[in-house]
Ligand SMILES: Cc1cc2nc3c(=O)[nH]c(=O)nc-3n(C[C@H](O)[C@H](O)[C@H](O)COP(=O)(O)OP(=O)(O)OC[C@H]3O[C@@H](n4cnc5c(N)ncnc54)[C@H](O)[C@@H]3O)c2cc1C
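Next comes just one chain, in structure tokens: the form predicted alone.
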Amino acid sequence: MRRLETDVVIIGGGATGAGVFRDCCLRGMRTILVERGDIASGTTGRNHGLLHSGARYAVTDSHSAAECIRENRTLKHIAGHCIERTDGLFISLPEDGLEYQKDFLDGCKRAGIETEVLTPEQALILEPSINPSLIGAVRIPDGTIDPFRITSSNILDGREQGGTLLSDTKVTGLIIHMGHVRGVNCIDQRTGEHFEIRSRQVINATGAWCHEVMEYADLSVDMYHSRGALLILGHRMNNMVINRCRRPGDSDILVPGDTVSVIGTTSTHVSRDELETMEVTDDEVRVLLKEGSKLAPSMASTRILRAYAGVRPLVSLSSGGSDRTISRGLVALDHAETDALPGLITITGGKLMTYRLMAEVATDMAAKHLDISTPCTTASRPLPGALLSDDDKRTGKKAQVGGYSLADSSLPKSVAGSAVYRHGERAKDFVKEDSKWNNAVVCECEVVTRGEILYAVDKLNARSLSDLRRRTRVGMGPCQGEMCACRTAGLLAETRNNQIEALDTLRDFIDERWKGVRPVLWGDGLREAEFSYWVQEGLLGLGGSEGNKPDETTKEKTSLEKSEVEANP
């Protein structure tokens, strides 16, 4: 059996695992990150993309709120290309009253979150899409963050520091010798090869799935798996994050992101057996539409692109309570101290917002056992691609891409601007003034170019269409990859010289898109789905499973069930 040797093995390629990977590499540790699928394909890639100010937890979870606002400021400094500084509004509707607003303001003050109380008229000027019947509003420093971009940037930095990423690789067991964890057993899921990685520390960063790794050592954790459903709207209808100023509930936040808006979330307890089946139910769609339309009335007539769901990894440190009351704070377990099992560390709980802090805590634990005193620098060191700081902008510096100023570029602003928006200064690696072929647009909805696709394959470890979606947003726009998926598959075939593999990944991509579309098939969305099916099956012969076609039964079912929501949002 093949054996690899390293200092640290990290299990899990979500934001937290990627953050640990970067931190370990920056401190000089030999590091390998193992992910059973692609990066950010679990909980990290299934949230609403909110850059939390912490205000949502100011009343119920002051500690988590304080963590969020600190990391909010840090990420704005180190990851400008992954963040949009939208600010947010907490609005009170007549049915909410203004009593909670006072508790909310007090909680924000305790956590150190800046607030500005606005009149309804002032709030409507800032964000015209909100419900005009609001009776109060508070402005807070929320924003949006791209979870795929932040994860990819962390991994890119780690790899450039000498770290190794093993995606599509599943950990099948821990290597335990004389009461000490000495590494992990793995299988390469593409080739079927079994191999082992010997290490001095193993860090379990698998989030909602952390129990699977812990059980290899007969350990357990009291985790409450809370599933949340979300809907992606067909266009960007708001420019500020809109929150409901009340105790946390279903469908109380509308988040703008790139070219769309996202409404969420619900909260349903699920068992461990249900973690791999995240289909959104009709009831969840109804709730999201009905309650979301109270935040922004135009939602009732807006096309819904797709539905998706993710699982919150909530660790309950005390009995009782519900998922809405369990703390979102991080949980770090050094099993050498908690279970007399040196060599294993588990980091879980928390949020996307606090991934960097979670990574620092876990890496500090590993560094202590490895006698490494190098301090953490991830709070001050910009991620690869980070854009100009506010100080640079104030002094008049211009963003340089490919040796020229973006402001003076002769390229269409949509092409150069989209590249820099997603990759920051690293866009210089594929945006070229004199390369019309590389600047050719592959995905019109998100303005993804051929050069960006090739860059993601070459530098960002993208192997499939779904991998490229996470790194470039190809196929994530209003058409959901109707035609750009075929063009992108052609590029993959070209780079890998393998047409069969490209066709397989194209079918997988289309099947995954259908899973998110099925729960929201009505109206224009249903007509679009019919057209997509005709193109993909009739013209290209790409029909997948029988469930992919929006047949007569599906039409009748969705029309009957959704008509009530459309009529009474």
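Computed from a predicted structure; not experimentally measured. Quick note: we count residues from 1 along the sequence shown, nothing fancier.
What follows is about the form predicted together with this ligand, which we do not show.
- Residue contact check for residue 11: one or more of its heavy atoms lie within 4.5 Å of this ligand in the model of the complex.
- At the 4.5 Å threshold, heavy atoms of residue 27 stay clear of this ligand in the model of the complex, well away from it.
- Although the partner is absent here, residue 67 lies well away from this ligand in the model of the complex, with no heavy atom inside 4.5 Å.
- Interface residue remark: residue 513 is not counted as part of the site for this ligand in the model of the complex, having no heavy atom within 4.5 Å.
- With respect to this ligand in the model of the complex, the three residues 42, 169 and 351 uniformly fall within 4.5 angstroms at the level of their nearest heavy atom.
- Contact annotation: of the candidates 183, 313, 256, 158, the single residue with a non-hydrogen atom within 4.5 angstroms of this ligand in the model of the complex is 313.
- Segments offered: 224-232, 422-430, 449-457, 124-132. Contacting this ligand in the model of the complex at heavy atom distances within 4.5 Å is 224-232.
- Using a 4.5 Å cut-off on any heavy atom, the one residue of 191-205 that reaches this ligand in the model of the complex is 205.
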